[in-house]
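Below sits a lone chain in structure tokens, taken as the form predicted on its own.
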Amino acid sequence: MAAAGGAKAETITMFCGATDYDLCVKAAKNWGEKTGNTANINKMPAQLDDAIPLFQQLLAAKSTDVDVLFLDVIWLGIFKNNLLDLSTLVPKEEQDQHIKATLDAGLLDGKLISMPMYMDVGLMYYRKDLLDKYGMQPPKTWDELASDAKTIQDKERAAGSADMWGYTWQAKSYEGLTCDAIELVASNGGGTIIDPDGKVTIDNPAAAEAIGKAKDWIGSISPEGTLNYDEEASRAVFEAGNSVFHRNWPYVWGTSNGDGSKVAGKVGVMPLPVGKEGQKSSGCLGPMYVAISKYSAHPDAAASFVRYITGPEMQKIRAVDGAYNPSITRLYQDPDILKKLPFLKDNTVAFQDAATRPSGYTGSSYNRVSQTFYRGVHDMLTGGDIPGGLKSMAARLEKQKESR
């Protein structure tokens, strides 16, 4: 990674997310000390999506003002035509260190356009103390979860916990519902809305069955407010001690065991259940990536920085200092990381079996596709006809998927 002897030091520029900014600065400092080069880190807007028009403007102008971009997994299809192919810039052995599902999401149209900085996937949190109290094991299927959630909820209410619910999740009409719903549908054998070849797959009995089960949870094991819950609203219920099971992202391990949480020390984590025997857990893939602009004046230095910021040294620092989950498989056995994130050792399958949203194929149309999906699912959860809703949704998606 060091510059060749006598080579002139180079300066590159990276945009980094606001919540990741300090760790990006640390990566730049470490890399600079190793190579003699400089990486200037610019902070992206607090609302990550606000960076999309900024990146579009820079790339449309073929600007050399940015070399390395920090990208949400669902943006990769939007920007793929403006990004360098990293296949020959990042050695194969370094690529192969990463969890396959994560690396594959950065591979579009046969080109490796990005590398993962860390892993993010939907997980199931649960009250270990309550499962132990009632002699239950963590459920393997969604039906088992619904049954166990109802049993514990009813018994806890009878014992005086009037606000207890069985399961909290995210069913507000927004991108988070795309994630929650694709997890249910994919784990039931119903596909991932649009397959990688562009075939619309959502209109099928397995998808209808999965959404129907979720609809039945509302008002039974999940509060009516679930229909307006995002990650933070649903997390608040769980961390107040008022939910047995809770679907969310890996960051909740830290918050649920932190100051102010009434469930600290009582939380277990597991891969999401499956809908049917033989299906995968299918937690929604949500990692962040780094990529190099095609218009960078310093592609080799940028590649060197990408290799460092996505490599094992920086991923370990990010895990220990920031509680981010590595995308490098062998770090799931690292004792320092497991001390910080002990749930990782039992949840490797959740990261390997992740379900991917159809952003790679749909590209710049992804936001419209996702909006059609989550609005449609929300309508079904609030009383709409499920088979008819899926049929009309599929017809709309057929038109939207090709307007990329």
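Start at 1 and count along the sequence shown; that's the residue number. Note that the structure is a prediction, hence the values are computed from the model and not measured.
What comes next is about the form predicted in complex with alpha-D-glucopyranose, which is not displayed.
> Pick the stretch from 313-321, 172-180, 106-114, 204-212 whose residues have a heavy atom within 4.5 Å of alpha-D-glucopyranose in the predicted bound form.
In short, 172-180.
> Wondering, does residue 94 line up within 4.5 Å of alpha-D-glucopyranose in the predicted bound form on heavy atoms?
No, residue 94 is distant from the partner.
> Does the 4.5 Å heavy atom contact test between residue 223 and alpha-D-glucopyranose in the predicted bound form come out positive?
Residue 223: no contact with alpha-D-glucopyranose in the predicted bound form.
> Flag residue 72 as yes or no: does it have a non-hydrogen atom within 4.5 angstroms of any non-hydrogen atom of alpha-D-glucopyranose in the predicted bound form?
It does: once alpha-D-glucopyranose is placed as it appears in the predicted bound form, residue 72 has a heavy atom within 4.5 Å of it.
> Taking alpha-D-glucopyranose as it sits in the predicted bound form, is residue 231 in contact with it (heavy atom to heavy atom, 4.5 Å or less)?
Yes - in the predicted bound form, heavy atoms of residue 231 and alpha-D-glucopyranose come within 4.5 Å of each other.
> Let me know the one among 120, 148, 156, 239 whose heavy atoms come within 4.5 Å of alpha-D-glucopyranose in the predicted bound form, would you?
The residue from 120, 148, 156, 239 that makes the contact is 120.
> Given that alpha-D-glucopyranose is left out here, which of 288, 309, 193, 274 has a heavy atom within 4.5 Å of it in the predicted bound form?
None of the other options qualify; the answer is 288.
> Under the 4.5 Å heavy atom criterion, name the residues of 347-382 that approach alpha-D-glucopyranose in the predicted bound form, in sequence order.
The one in contact is 357.
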